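So this first bit is one chain, no partners, the form predicted on its own, shown in structure tokens.
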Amino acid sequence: MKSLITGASGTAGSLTLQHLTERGLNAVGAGRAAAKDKFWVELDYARPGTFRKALHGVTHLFLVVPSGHKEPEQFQRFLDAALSFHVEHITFLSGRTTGDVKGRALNTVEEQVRHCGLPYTILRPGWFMQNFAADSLAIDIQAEGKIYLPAGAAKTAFVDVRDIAEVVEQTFLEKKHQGKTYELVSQEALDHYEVAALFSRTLRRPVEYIDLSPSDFLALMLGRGASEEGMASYIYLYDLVKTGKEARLSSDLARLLGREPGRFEGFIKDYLEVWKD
């Protein structure tokens, strides 16, 4: 078995690649960057010329859509190539927020995966806990003790990406997951005031959630160099969060893992170095 992990420089891809290699499985990361080492291959969905080398010998594919991607026809070409290279299984990382929303990119790719002619599993995870350990969220918590988001008081059932990686392994090794769609979330739904309280208690210093209006959040992020298009998409996702869509719990992840999924407080304890003073 040889697994190709796309989006391997991102959160889900990198942690999945790490998990599989630690388990002794033959896994190779793929991304738009040139090859870093023997465990990495160049893959650019906009350049079909990179498909052949990336897919050579691959039996199992973990497919990740880059954030903000709006050209699903590129994924159709890649899926066609995967079929021609006789890939045995595709596990697609969709999303809980828009995976079931017609016309959104993740739902469009879901449909492509379902009809590509290959066995597949679709994963719809909640918002990643690891988002708080990266980029501006991590910096704001570390430097200011603040969480700036336009999430209102809505609750979210987050997920530890390390649990997703375990599920990806199962989908590669066990055929019973073929044709299935799973919602992957923890067994607790938290609003961001509760998230801030968990950070305060675990870090032993005050962390405050600042509920920004969409316009104030946009202004903050544009001032930090973010693109208006990217932030508009982000705000749209949080508008869906505020409907309560992400608060619903699911037993899928606990059932697949055979244990309670990771909780938010445990995630903070495991990543303490990120937010050190």
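Residue numbers run from 1 along the displayed sequence. For clarity, every value in this text was computed on a predicted model and none was experimentally measured.
What comes next is about the form predicted together with a small molecule, which does not appear here.
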Exercise. Pick from 191-199, 169-177, 147-155, 119-127: which stretch has a heavy atom within 4.5 Å of the small molecule in the predicted bound form?
Worked result: 119-127
For this session: Indicate whether the small molecule has at least one heavy atom within 4.5 Å of a heavy atom of residue 11 in the predicted bound form.
Result: yes
Exercise. Closest heavy atom of residue 32 to the small molecule in the predicted bound form, within 4.5 Å or not?
Worked result: yes
Problem set entry | Touches the small molecule in the predicted bound form: residue 106 (any heavy atom, 4.5 Å) | yes
Exercise. Quick one: does residue 91 come within 4.5 Å of the small molecule in the predicted bound form, counting heavy atoms only?
Worked result: no
Exercise. Which of these residues, 231, 54, 65, 212, gets a heavy atom within 4.5 Å of the small molecule in the predicted bound form?
Worked result: 65
Problem set entry | in the predicted bound form, the one of 241, 43, 28, 221 near the small molecule [non-hydrogen atom within 4.5 angstroms] | 43
